[in-house]
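Next up is one chain by itself, shown in structure tokens, the form predicted alone.
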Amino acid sequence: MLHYFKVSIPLIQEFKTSFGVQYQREAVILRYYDGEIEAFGEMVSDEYPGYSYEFNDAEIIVIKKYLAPILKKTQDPEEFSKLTEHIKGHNMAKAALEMMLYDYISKKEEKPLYKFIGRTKGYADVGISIGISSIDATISTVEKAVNRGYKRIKVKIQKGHDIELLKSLRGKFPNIPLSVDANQDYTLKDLETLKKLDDFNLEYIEQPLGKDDFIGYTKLKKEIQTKICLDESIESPESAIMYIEAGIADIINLKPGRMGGIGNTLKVIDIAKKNSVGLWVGGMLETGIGRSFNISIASLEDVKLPGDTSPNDKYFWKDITMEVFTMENGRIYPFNNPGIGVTIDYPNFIQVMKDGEKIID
């Protein structure tokens, strides 16, 4: 039996990027139940197609009409991925089901997901992603994050909110591991601004140009010393190969929920390892369900850089899972219960649920 549920969870504070401002997490949760085992997935799309062409209502249609019938044929995540290859795009919808099946099969094997996948170091190093705000507010947030023990600080930037911000941050925190995330807000017309980022000893600049601006990235790579981390550009193993072989991607932000699931993510990890490309795991403001998948991936031994897998309390007053992640000395540890290791806080889940429907019996 497969259900989907829409939930709307208020954020502790607004999260602003160059794409816009989010005040709540509008999530689609998938629940699969075979009479004994209950498994979950989370779709990382949003209500509005601003970040991606994939948005909640559209992807629910894709799941109901095209992906759910395939789920009737197999509950093996690898076979499911192969059987859905003929459906073009819609990686967020595919990933939600594929990852749900990883939860299901690892529960069936009575293993925590991170141990079921294997190749684990047993923990995830944690960085923080700080949204766009005033310079004074950002300095205050960074100071709290440094004191809390985050191993990497990442601040969101956009045109006009970049150089002065970084001057202030480096004046206050000259030695912290600092990176910036542009969320595609710049073009080569902003080259002089992007070149100035070399002055701030950044770990990397994340996704400065449009996700498909391959030519722009080849030119930018020749003009700056700061490492380039790609996020939105990496949607599949094929796109990873293209940007890595062109010498553009120094670092990749892995997002399983946007890359078609865990299987594709493992392929990208192998490609990056062979080419000495750095890796970390990002987030999409997931609930405790999606966060559990991300931390399992972030705990892999080949994922060596701190990611955006903050504890649940960075974003939500109250999550929809009973179990919440806590950080110890800049690290988070996956849960040792079978599968993703979380159970649903159903009283709170019902409060934040907006809609739901059974898709297949």
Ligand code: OSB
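We number the residues from 1 along the sequence you see. Being a predicted model, the structure only gives us computed values, none of them experimental.
Not pictured, yet referred to below: the form predicted together with this ligand.
Judged against this ligand in the predicted bound form with a 4.5 angstroms heavy atom cut-off, the residues K6, S45 and A93 are out of contact without exception. Partner contacts here mean any heavy atom within 4.5 Å of this ligand in the predicted bound form, and among 58-66, 29-37, 304-312, 332-340 they occur only in 304-312. Taking non-hydrogen atoms only, G283 approaches this ligand to within 4.5 angstroms in the predicted bound form. Proximity of E206 to this ligand in the predicted bound form falls within the 4.5 Å heavy atom cutoff.
At the 4.5 Å threshold, heavy atoms of N183 reach this ligand in the predicted bound form. Although the partner is absent from this view, S129 contacts this ligand in the predicted bound form, with a non-hydrogen atom inside 4.5 angstroms. Annotation for 147-165: interface residues with this ligand in the predicted bound form are K154, K156 [heavy atom within 4.5 Å].
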